[in-house]
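Both blocks below hold the same protein chain, though in two forms, and each is given as structure tokens: structure 1 and structure 2.
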Structure 1
């Protein structure tokens, strides 16, 4: 087995190539979970094997002592449940059943860390075809991950977060190919970076994403704490409605070493799970951030009027648009002193009237809205519409609202546009400066927003109108006369040449 260091591109390429086993057989949206789960199992198996070999070298042939020490590692891998156990039996019938049993044993052995994480995935499913086809597909999958290139032991990976990054890479590739469903689990990394930077999470913060998805936004916030404070003293919280996506988030946290997390499975609006110890009130956080589903239909309107947590005291959002349901929930989970919040919303949230207009007015009158950032179109998977980021703070230093129109500065792509590092830095610099800049930002007062009937449509505040350059008619006429004379000269020369060649009269 090689001990050469590997790099991120090699790993990304190898795991993406492993998807060839399933391509043409089942859809990417289906085999995504198989690939990501196998990557997870392979990684912890290689780490476990590496640790076991080191202890064997140190303590010799003393399996009882070694097993006792292994039981105190970050995770437990039961006998017969490792990737290599499955690999050894890959030519035998029953690959699907064996993998399922291994995952179940892994869950059981690791208690709350991996509780129910694999309950929504079964490798022994008819979706992979009849028994023989299924067995062959899974044998190929085991062989793909058994290649030397995917030796994920610590001695090859080192201290780099290669596995976590590969996991994110796969999630992004699957998101790019899955169209409308991608938005359910993935926020583009540049948007996560922007939110995490603007919200400035620091040591000691409790950070929550009530629409966790694959957990990428929470991971960015955790990384930002370590960058800002050099500390791992923070806690990540989340809730995700879709079972398979919740499992993605749990594995993603595990692979990134984010053990201090609590991510619940369930509908955030109908059944919030992050409650206080008496289960009578919502938990409160220093930072709350999310990319909720845009204008969700059937978000739980019927029960909102009698919400036991008082989240809709500013008004119940319309039945077919859940944007302000998520905003209201997030606002009510902010800590009174330190709470700050960033949420991605469709532009309709900025100007729609009726109940949404009344909720928006109350949020502004309570001086909670801090900044509105307009983003470019086609930035998010599954939708081409432009979005905006709203920043709310419990304790603002003024009663102004900053508008940033970043919608025109991006890297254009065939299917998706991207914010470049320069685009992101300009937004951050403008946010921190908190002042008006020509055709890009505008710091407005409460009174001005009130004059606009609490409509937050960005063009009302940031004037991006570009005047057309004035035309110098005298210069145009002079150039026209010059061109006319040059043409006349050429015509005369051409006539002369033609006569010399015998074509003229």
Structure 2
């Protein structure tokens, strides 16, 4: 095997195979954290080793100078905390403890960069079994990652994307396999691509995802800036409520080379963390996008009435459905001029009445809603329901709303449907054209929405019914007589055959 070239599929396969060590011992949504953390540790260790070797080549045998130079690298790896140190000692007892200590040391040595990232993960846990089993498991894990195939040093991998992609690949595989919990941290890639394309993030934008999950939507937006403007001048912000998922997002960012990010840990509705300098107001962004949990129960209704940031001034969403809480929060974090936002919602958001209806009406009256895109069913992990994307803009050029019914064009799969690149392109083209097209999109005016009582149910606007032909009742009657005659003839004919076969009456 050559050590120079590496290909994405091989590396994906290698990391996926490493999971075999855990399979059957603990469930997928538990071991995903171990695997992903190990991949991260392996990556920084390999980069570190590579850099160290380069410096040694350059400056020869001068450990002091080299160590001084190394402390200025992207990540600082303290003595004994590298993957290779752990690998060396893999046959000794206490693998779990050693790994935990190494992660802790790594966190300490890198200041705020990795603060708390490893706090939720412990390799020295009884979940991996009794002492001996645990030690064996972890030895296997170290060996899996120690394979030549998974040498992640820059000289072999080249750019960062391969590792980032492998990380995303794992997240996706775990999401596909872990059923109900998966939607919590992963938006299907086609949907995030669609959102990132439609929102058109450009150079200098501040981009935020208040329900970050594993961060893939933010990363897509970042990549879109690089594609649109060829620039790395943008900032990613995020907030995620679940500690282990937050850690996942942080690692995901680093593995994609997005060191310039600010992702906070905490409940977006109850305790928004992305605040201005005096911690009195919310930060504002150019692009806000999220795939919030669908109709979250117990989202924090009790405190919403007295929200210090006034996010629920249009109305407090119902206790058991958090959809409009997230939408309200996102709207309030938009910059006044450039602010644009894309949010994935269940269809109920489009038509539910009561408080939600009132909030919806206000949003439309303020001319914030720009586009409604209906997506196919079975697109998301963990739920089969069809979702929709709402696009809001702070500074709209007209007071129309575009409806796109993309729900009928997809590649169907057994458990999961998919949007093909063609499907996505059609949505984007229609969005950009902002025109009514037959059975696919409809540009409606404010008055028409008002006539519909601010109900945004897509079929009200995009008519997908086939024109029914005028039925000629006379022709129908004639056909009936004809068919009856045919039956009579058949009956006689069959009678004849039956008689010949000896079954006659």
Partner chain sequence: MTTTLGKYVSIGSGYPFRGRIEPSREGDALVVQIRNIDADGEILANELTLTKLPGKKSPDWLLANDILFIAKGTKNTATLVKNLPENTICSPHFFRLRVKPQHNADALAEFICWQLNQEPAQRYFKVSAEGSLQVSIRKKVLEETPFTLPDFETQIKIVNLHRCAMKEIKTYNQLIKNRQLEMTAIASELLNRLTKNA
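Keep in mind that this is a model prediction, so the values were computed, not measured. Rigid core here is just the name for the largest C-alpha set that superposes within 1.5 Å across the two forms. Residue numbers count along the first chain shown, from 1.
Between the two copies of this chain, it is structure 2 that is the form predicted in complex with the partner chain. For residue 17, a C-alpha deviation below 2 angstroms is recorded between structure 1 and structure 2 after rigid-core alignment. On the core-superposed pair, the CA position of residue 495 changes by 16.2 Å between structure 1 and structure 2.
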